[in-house]
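Just the one chain here, laid out as structure tokens, in the form predicted alone.
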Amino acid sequence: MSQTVDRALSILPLLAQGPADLGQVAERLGVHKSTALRLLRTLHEHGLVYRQQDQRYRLGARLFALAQEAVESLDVREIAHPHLVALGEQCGHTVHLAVIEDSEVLYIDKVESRYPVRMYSRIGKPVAVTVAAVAKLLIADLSEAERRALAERLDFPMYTPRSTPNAAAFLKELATVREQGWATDLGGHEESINCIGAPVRGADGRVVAAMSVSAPNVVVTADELLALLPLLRRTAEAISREYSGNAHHPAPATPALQKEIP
């Protein structure tokens, strides 16, 4: 029975590459056509594959519906929380998780710093979109048209002299974030607070959440915080792998990350 299930499941990645006929499926599985046909019929009955008029098979609509239902049932906060706690224990600083909803970026989880100096951020509270590292990561993943439209609607308050001053500067920074795969807020919201962020991605590679490590400069310098980027990104990749259900989700190489740090 296990061999039958294994063979049936092996058909799905094959058809994900495009429609295939009975002979191609049998050849790929290394079985007789009658065996391949029996497997295909079973998958067809469950809506996982569909036979076209040209007698080739492709993935069925039921498979996509199941995938969508699985994605919608996932709770990124529940999956991420143990990783956030572990990261907080390792580095000792405040760790956040944020998502974007209706052009607003919200914190959905927080692990407090072990140091007596605490941040005033709260779960459910919107973040400062134009300066926060998590916001930059989430907005940078939008399409170019969406990024531009959002930038034109935003106000750009100068919280500190390091705040993003206007839409052009914001779009330029988002382009950098897209290219390098991480973001910072070095005194842009509060002069005394620095922050680094990394994206959490779904199975399709899109950013579903963003996480960050923040610390006051009386505890660590900006350079010392930036040195935690490899650890932060490894944690984000671990969450991404678990969230997407992909054990082979690529993890960034530490040496390359170290070169990225300014």
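We number the residues from 1 along the sequence you see. If you superpose the two forms and keep the largest set of C-alpha atoms that fall within 1.5 Å, you have the rigid core. A quick note: this is a predicted structure, and the numbers were derived from the prediction, not measured.
This next part talks about the form predicted in complex with the DNA, which is not shown.
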Tell me, which of Leu66, Ala227, Leu37, Ala203 has a heavy atom within 4.5 angstroms of the DNA in the predicted complex? Leu37
With a cut-off of 4.5 Å between heavy atoms, is Val31 one of the residues that contacts the DNA in the predicted complex? yes
Using heavy atoms and a 4.5 Å limit, would one call Gln55 a contact residue for the DNA in the predicted complex? yes
Please determine whether Gly23 contacts the DNA in the predicted complex, using a 4.5 Å cut-off between heavy atoms. yes
Taking the DNA as it sits in the predicted complex, is Arg51 in contact with it (heavy atom to heavy atom, 4.5 Å or less)? yes
Judged by heavy atoms and a 4.5 Å cut-off, are Arg148, Thr176 and Arg178 together in contact with the DNA in the predicted complex? no
Report the stretch among 37-45, 190-198, 211-219, 229-237 that approaches the DNA in the predicted complex to within 4.5 Å, counting heavy atoms only. 37-45
Using a 4.5 Å cut-off on heavy atoms, what residues in 145-184 are near the DNA in the predicted complex? none
Using a rigid core alignment, state whether the CA of Ala238 is displaced by 2 Å or more between the shown form and the other one. no
Kindly check if the Cα atom of Arg206 is displaced 2 angstroms or more between the shown form and the other one relative to the superposed rigid core. no
